[in-house]
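Two forms of a single protein chain come next, each set out by itself as structure tokens; they are called structure 1 and structure 2.
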Structure 1
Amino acid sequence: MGIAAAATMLFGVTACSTGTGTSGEEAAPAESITIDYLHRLPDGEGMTKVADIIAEWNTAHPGVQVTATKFDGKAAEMLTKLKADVKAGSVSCLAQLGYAEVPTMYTEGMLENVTDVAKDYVGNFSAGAVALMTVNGETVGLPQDTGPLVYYYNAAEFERLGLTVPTTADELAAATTAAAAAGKYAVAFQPDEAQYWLSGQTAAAGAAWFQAKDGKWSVDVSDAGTAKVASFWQGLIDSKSTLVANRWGDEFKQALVDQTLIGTIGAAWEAPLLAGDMAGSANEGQWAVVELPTFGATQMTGPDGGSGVAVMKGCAHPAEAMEFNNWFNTQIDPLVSQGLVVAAKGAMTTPDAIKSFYGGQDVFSVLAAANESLSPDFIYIPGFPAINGDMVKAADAAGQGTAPVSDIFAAAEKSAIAALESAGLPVAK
């Protein structure tokens, strides 16, 4: 109860409500309902616009009209808005949530249990992604896109330097060291992305930080996989073989453009972003993507982002909302045009612009393969977003060489326990 509630009472703002189709004079035939959908898709230049996709649905479904709203702020701000809206009873029926945010929202009672309705649709999506939209045995929505980690590299530069494309972490370290001898970097350590980027790498190495033990959360980062990731980066930072640059800083982009950075571990959704960063430079047509070099025994990768569309608590028409949810999230080509690696089953066609940047490679087939090899063991705890600050701070210190890389994971563990305790959830000591 707060300002949003007061505003609702004053102005009678209601979303997700039933309204008789009285708009205009073309007397709408029957009862028509409205579903609101809050998303943060990029909706950029050259993409199939969300509005256009939804217009198609609205034409075909006069009884279930969908209005989509783009949220332009940060992810954390959208969660705060959704929470206020749920309390005020004015929340959108459907909202895009990052997979790591789903448990938090579930614990706070912000999500609708739509397990029964979802049964008919879950078969259309990759099982691992469906699992991320399922908390405590309850399905709360449908997955939209995934963010498996992959390895992007400048194939032309690799050839020029005589480097082989790495398939294991050790080979990647060797290639990076060799590249450094030639004044190039084959990876970048990215402090600002530490939370998802590094936890994804440990997942690829087989780590599962959060596990249920006797009805309590057990938080443990002292496994072999996490140690492997820590020593990998420690070695490269100590020998100054890796570029240390924030993913969203100017330095990173500049290093890409002037070809000092010729390789990077990144999420699948970075494929179009990297192409955009280097648009118009000598890099065009030179890059390529492969599955993440293995950090563990088998070909496995970890999640770095990705999101689903959840049904929010208080949605008046969950069944219709889920019907639309299924339809929207299986619009593979339009969603791929938005830069997403979709969670829906089916072939993704690499858009021409991306194909030409990556030297004609069928990029999305590699990304889809990475999707298949996502670690099934790494799950998120309620409150995972709260560990970001501490991890990033520790990652920056590690990047500067003033603290060991292992401190990042120690910070994650400490911070995760604090987050669980702050939420009032049971933690095993």
Structure 2
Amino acid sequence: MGIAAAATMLFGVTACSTGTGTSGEEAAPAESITIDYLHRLPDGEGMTKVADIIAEWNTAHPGVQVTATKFDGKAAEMLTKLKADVKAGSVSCLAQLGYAEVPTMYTEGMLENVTDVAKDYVGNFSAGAVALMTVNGETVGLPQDTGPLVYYYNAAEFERLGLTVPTTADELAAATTAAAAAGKYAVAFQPDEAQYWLSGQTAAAGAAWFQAKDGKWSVDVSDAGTAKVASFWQGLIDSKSTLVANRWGDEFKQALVDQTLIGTIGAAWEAPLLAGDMAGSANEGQWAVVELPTFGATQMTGPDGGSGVAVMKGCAHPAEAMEFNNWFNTQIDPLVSQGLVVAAKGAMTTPDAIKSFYGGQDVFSVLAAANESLSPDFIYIPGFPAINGDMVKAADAAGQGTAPVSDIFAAAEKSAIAALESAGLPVAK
């Protein structure tokens, strides 16, 4: 089987529809063109509005005008709209997509291959985030924000208990055991976040569950990194050293507020959310954040959320769209004001409210460092969101002690293979 044929089988219709003239060789437009951008940014009170950011671009680029539209529905509803618009020939040139949505949209032929244009810009972003905007070796846009896992902890409580801030998973387990002896929890096992939260931890440990090779997808969760993560949580659950609570449930928040829970592994985007959960409590000014304790041989973390801006199939001006894409996603401070941990390289200014909650810490400098250590090897498969239900169900059982933690990863593998086969994509056996 030739390479081209294999690629067609592996990735579906998109492999047949690349080569769209995005080499950057197009002549400069003689007249002004318009690039439409569909996004889900919050655009809330006190934020630098998307319209204001884009107005700056439009002033400096009279030949390439950009119009932005905020989509207020759910993510799945936006995907449905984009697919319909592609088929109707009326889709926006640029659209914000969650990283796990990118492979599915690619496989369904909804995205442009802009690899040749992107090579001029990818160096401006976290390599791990760029990898999440690349499928089958083809770049389909640029990353916007990220969710590298980090470790949040109550520094005042750690000091009071004589706990050392952990730098490795073994040190984190030791701190958790010591905290439990004092009636505290230094981590929480979060069943409702199992899919991205636990897969991100395995990525930090060096796992790469999904690979595309020899014309097929391979799915393998039997690696040493995944086993390390399973063993870590199994030990803490068995010893009852960890809080077991859904991240978005009342028990988790209450444990934070009453200082029963004094540490948690969370995504970078949780920094303001944790501050909000504990606003007005004794926790204000006590918490801090560090990079995720190492689960593998090197300082590395894994992805938990985030999004990029993809070039949609049928975009008439992909080169100009990518030029704007790069410019917009490197507007660091305005995007930070939107609540994002940006994927672009460079210093992020920690908002005053967040700095105050975290005891004056320059929180975003830690998050930027986490961006740099985001694994470039962990990618998602088409249909990855579909495996969530089985992973959460297995995580619920593991948290209750009625099944081993390893069942969560077995469920991930089984469900991932089913998702690929359901999509008609070849899977290596």
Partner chain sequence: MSTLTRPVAPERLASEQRAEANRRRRWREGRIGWGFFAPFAILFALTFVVPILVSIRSSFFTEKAAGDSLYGGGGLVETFAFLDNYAQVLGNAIFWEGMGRVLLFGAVQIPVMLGGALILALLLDSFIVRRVAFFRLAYFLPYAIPGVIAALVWTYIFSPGFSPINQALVALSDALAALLGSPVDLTIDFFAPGTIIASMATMTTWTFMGYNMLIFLAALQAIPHDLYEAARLDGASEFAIVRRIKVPMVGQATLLAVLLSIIGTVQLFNEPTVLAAVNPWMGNDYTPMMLAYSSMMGTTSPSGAGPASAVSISMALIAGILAAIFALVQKRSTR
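Numbers given to residues start at 1 and step along the sequence of structure 1. Nothing here was measured: the structure is a model prediction, and the numbers come from that model. We call the rigid core the largest set of C-alpha positions that still match within 1.5 Å between the two forms.
Of the two forms shown, the form predicted alone is structure 2.
For the rigid-body turn between structures 1 and 2, the listed residue at the hinge is Thr349, chosen from Phe158, Ile237, Ser231, Thr349.
Hinge motion between structures 1 and 2 is captured by two rigid parts, the smaller swinging by 16° against the larger on C-alpha superposition. Aligning the rigid core leaves the CA of Leu111 displaced by 2.5 Å between structures 1 and 2.
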